[in-house]
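Have a look below at one chain only, the form predicted alone, in structure tokens format.
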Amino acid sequence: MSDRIFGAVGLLLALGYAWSALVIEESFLSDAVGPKAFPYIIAAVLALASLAIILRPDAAPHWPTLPRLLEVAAAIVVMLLYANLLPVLGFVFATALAATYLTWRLGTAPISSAVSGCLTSVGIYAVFHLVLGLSLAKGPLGF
């Protein structure tokens, strides 16, 4: 039963995501695909996966223990903080902090996590801003 509830929550999330994509305004200069295509694809994949969980639930599902659920909750809090701090700190610092925490919680040593988070942030910034020319959130230092 719990799998079906989880699948129903996923299906509602997919519907909400698709509904959110409906309100994205398209510019007359956008390409043929438009800005709504990627959210629609994500919503479709989430809906199909949720339907699969609803239609074929596990007979004896194994849910994570309370400490694991707290780890998931902490990761969600970090991602919410990331979204809120992105305009304040800028892409590079906010991404470095979030990536550092997430890699640390995945089992990397703290120093390695900090190095990995910083390199990930700078690498993504270089690809998306410097190579592809996309605009990313600027922090107090201008990047």
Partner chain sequence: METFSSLADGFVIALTWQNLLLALLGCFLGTMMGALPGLGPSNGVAILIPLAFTLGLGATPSLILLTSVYYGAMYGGRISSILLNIPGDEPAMMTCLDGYPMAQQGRAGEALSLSGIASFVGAFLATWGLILLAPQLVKIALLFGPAEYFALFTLAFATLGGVASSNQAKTAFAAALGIGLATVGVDTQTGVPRFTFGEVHLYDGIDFLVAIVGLFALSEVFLFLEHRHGDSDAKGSKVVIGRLMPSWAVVKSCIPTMLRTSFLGFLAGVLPGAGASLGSFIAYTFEKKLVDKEGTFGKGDPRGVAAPEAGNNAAAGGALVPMLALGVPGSGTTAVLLAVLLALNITPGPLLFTQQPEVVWGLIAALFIANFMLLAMNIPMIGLFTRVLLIPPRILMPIVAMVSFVGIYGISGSTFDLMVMVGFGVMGWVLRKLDVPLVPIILGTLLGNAMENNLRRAITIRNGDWTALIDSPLSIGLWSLAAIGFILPIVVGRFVKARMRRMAKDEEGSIVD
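Note that the structure is predicted; figures quoted are calculated from it, not measured. So that the term is clear: the rigid core is the largest set of C-alpha atoms that superpose within 1.5 Å between two forms. Positions refer to the first chain, counted from 1.
The protein also exists as the form predicted in complex with its partner chain; that form is not presented, and the subsequent description refers to it.
*Asks:* Could you tell me if Pro110 has a non-hydrogen atom within 4.5 Å of its partner chain in the predicted complex?
*Replies:* Although its partner chain is absent here, Pro110 would stay clear of it in the predicted complex, with no heavy atoms inside 4.5 Å.
*Asks:* Taking the shortest heavy atom distance, is Cys118 within 4.5 Å of its partner chain in the predicted complex?
*Replies:* No - in the predicted complex, heavy atoms of Cys118 and its partner chain never come within 4.5 Å of each other.
*Asks:* I'd like to check something about Leu102: if you look in the predicted complex, is any of its heavy atoms closer than or equal to 4.5 Å to a heavy atom of its partner chain?
*Replies:* Close contact exists here: in the predicted complex, Leu102 approaches its partner chain to within 4.5 Å, heavy atoms only.
*Asks:* Given that the partner is absent here, does Leu89 sit within 4.5 Å of its partner chain in the predicted complex, heavy atoms only?
*Replies:* Close contact is absent here: in the predicted complex, Leu89 is far from its partner chain, nothing within 4.5 Å, heavy atoms only.
*Asks:* Which residues in 47 to 66 have a heavy atom within 4.5 Å of its partner chain in the predicted complex?
*Replies:* Contacting residues: Ala49, Ser50, Ala52, Ile53, Arg56, Asp58, Pro61, His62, Trp63, Pro64.
*Asks:* Would you say whether Phe128 is displaced between the shown form and the other one, judging by a C-alpha shift of 2 Å or more on the superposed rigid core?
*Replies:* No, the C-alpha position differs by under 2 Å between the shown form and the other one.
*Asks:* Return yes or no for Arg68: a CA shift of at least 2 Å between the shown form and the other one, with the rigid core superposed?
*Replies:* Where the cores coincide, Arg68 shows only a C-alpha shift between the shown form and the other one that is less than 2 Å.
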